[in-house]
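Take a look at this single chain in structure tokens; it is the form predicted on its own.
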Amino acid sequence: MKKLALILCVFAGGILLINAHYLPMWGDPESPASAHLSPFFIENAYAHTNAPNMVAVVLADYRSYDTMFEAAVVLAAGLACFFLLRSRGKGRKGGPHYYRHIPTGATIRIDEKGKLPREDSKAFRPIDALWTPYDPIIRTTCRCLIPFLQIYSLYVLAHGHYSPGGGFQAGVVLGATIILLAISHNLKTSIQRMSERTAALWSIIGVAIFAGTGLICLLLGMDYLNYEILAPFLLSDAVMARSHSILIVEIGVTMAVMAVMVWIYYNLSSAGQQDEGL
């Protein structure tokens, strides 16, 4: 199987190298992209969508097929990590367990055959074996920063077609806040906020929002992802319908990127066990 994979990689790489000389030179002003596509985007992007951010228009409108499949690839990456890494075992078995006594902040080690506190105990909280020192400054700082970062991610999403930003950027910032919570506290704390099932569901719903928007356009008799047909439902004209639809698909991208980031982190940081993170 490895030899077959190597042969396929070499074959695909050879095809790309053989045909590379057909590509235009980097920055060539006479290339088709520079001579035809770019001027069209520059001259018509705002008139077609009423969105000043031309990059968002290109990504979510003119080449929305490409962006939709990019979101699908992100989802596929999350699924691949799940099937490759997720273990059926329930947590780490064997070895000592560590708990923090909440009232005093003391760290307690319980050997393999020792009696563990109840899972719903309010006095003891499990901590990772690869334990990082209890630092209230880091925990408090991160806890204070995370809400502001999440609000900023929503701003990046909502303002994406007016200024630099968009669904991918907003999703990364939002997902980073969940990961920051896991790093500054522990993996279980972040899983309590967003479980693996929730992350998987959000990632699928995000891609479904994007694909479903195009499907609605198709069912209404327009081309797939041609947002103009949605104007009556969005209570606007055709131009503003394209602008509003860009925001809708960006919301789907944000959900998918954020959820897949968190989902992959859960499995990578815990080797698929999801009991203890980094």
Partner chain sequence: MITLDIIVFTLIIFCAIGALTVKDLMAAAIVTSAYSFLICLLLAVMGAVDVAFTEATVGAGVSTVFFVATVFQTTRRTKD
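Rigid core (definition): largest C-alpha set, two forms, superposition within 1.5 Å. Numbering follows the first chain given and starts at 1. Remember, it's a predicted structure, so these values are computed and weren't measured experimentally.
A second form of this protein, the form predicted together with the partner chain, is not displayed here; the remarks below concern that form.
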With the partner omitted here, the residue among A208, L116, V172, A76 that in the predicted complex has a heavy atom within 4.5 Å of the partner chain is V172
Could you spot which one of I146, I179, A200, I191 gets a heavy atom to within 4.5 Å of the partner chain in the predicted complex? I179
Please pick out the stretch from 28-36, 216-224, 52-60, 232-240 that is in contact with the partner chain in the predicted complex, where contact means heavy atoms within 4.5 Å. 52-60
The partner chain contact in the predicted complex: L8, any heavy atom under 4.5 Å: no
Classify P96 as contacting or not contacting the partner chain in the predicted complex by the rule of any non-hydrogen atom within 4.5 angstroms, answering yes or no. no
Taking the partner chain as it sits in the predicted complex, is V156 in contact with it (heavy atom to heavy atom, 4.5 Å or less)? yes
Residue contact check: C142 to the partner chain in the predicted complex, 4.5 Å heavy atom: no
Given a core-based superposition, decide whether the C-alpha of C9 shifts by 2 Å or more between the shown form and the other one. yes
